[in-house]
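The chain that follows stands alone, in the form predicted alone, written as structure tokens.
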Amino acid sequence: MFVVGERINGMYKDIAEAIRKEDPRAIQTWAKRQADCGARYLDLNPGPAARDQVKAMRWLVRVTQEVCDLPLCLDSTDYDAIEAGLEICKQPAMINSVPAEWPKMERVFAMAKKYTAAVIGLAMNEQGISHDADTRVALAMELVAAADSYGIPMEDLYIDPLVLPCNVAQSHGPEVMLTLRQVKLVADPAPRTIVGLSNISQGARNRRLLDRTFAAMAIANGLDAAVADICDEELRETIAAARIIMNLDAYSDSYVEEYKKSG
């Protein structure tokens, strides 16, 4: 499992202020810090701080790429903003995200094809997030079919089963784990899987404990990636240990450091 660094998000006060003032210091500090901790991608989300999402996304992409060579995950519900960012990305990016809804899938998969981008597909539609794994998997199949119709390789499609906080939707946890396993059976080759890791602990106590435990359990159920706090050292250690136990990485006595280097 690799990590998409979550920290450059307008929901955080320092990032929101940086976007409003167009001051790149906080953006670039977090970009370098997450890269140093082993992030594979950096998530860029202007959030509610930006009145002009297109302008904000282009600025975020530009200032991040000034100090960091990692590929970017462009995160917005405004697809014009995502396309504006894709136009100036130096490496193939990831689009975050699209639900199993037409015409949203048409717009996003067309962009993905044009810019050779990966896509995060949400296992939800106009009816919202389903409780059961069967419905989530059925929606994943719709995303797979749409991606395939645009010629998107399955290794570039990441299905997000959608994690809800365990303090208000505890019964969803096992359904997410089941979805992770079943998504691997919907196509050959199978799409990849991803979650927003910190969603599991939103509003709960001991958040980092819940995040780390969920990460290990999800890896055991086939999780490929997570949008998460890569700067949490104990989370990195947990991921490294889980990968060793699941025989995903070759064991060495320095397996924690090796995971960080692998990004």
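Quick note: we count residues from 1 along the sequence shown, nothing fancier. Everything quoted here is computed from the prediction, not taken from an experiment.
The protein also exists as the form predicted in complex with (6S)-5,6,7,8-tetrahydrofolate (THG); that form is not presented, and the subsequent description refers to it.
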property	result
Partner-proximal stretch of 215-223, 63-71, 193-201, 34-42 relative to (6S)-5,6,7,8-tetrahydrofolate (THG) in the predicted complex, 4.5 angstroms, heavy atom	193-201
Candidate from 152, 84, 137, 122 lying within 4.5 Å of (6S)-5,6,7,8-tetrahydrofolate (THG) in the predicted complex - any heavy atom	122
Contact of residue 248 with (6S)-5,6,7,8-tetrahydrofolate (THG) in the predicted complex (heavy atom, 4.5 Å)	no
Any non-hydrogen atom of residue 96 within 4.5 angstroms of (6S)-5,6,7,8-tetrahydrofolate (THG) in the predicted complex	yes
In the predicted complex, residue 227 touching (6S)-5,6,7,8-tetrahydrofolate (THG) (heavy atom, 4.5 Å)	yes
Partner proximity in the predicted complex: residue 208 to (6S)-5,6,7,8-tetrahydrofolate (THG), non-hydrogen atom cutoff 4.5 Å	no
Sequence-ordered list of residues in 1-20 near (6S)-5,6,7,8-tetrahydrofolate (THG) in the predicted complex, where near means a heavy atom within 4.5 Å	6, 9, 11, 12
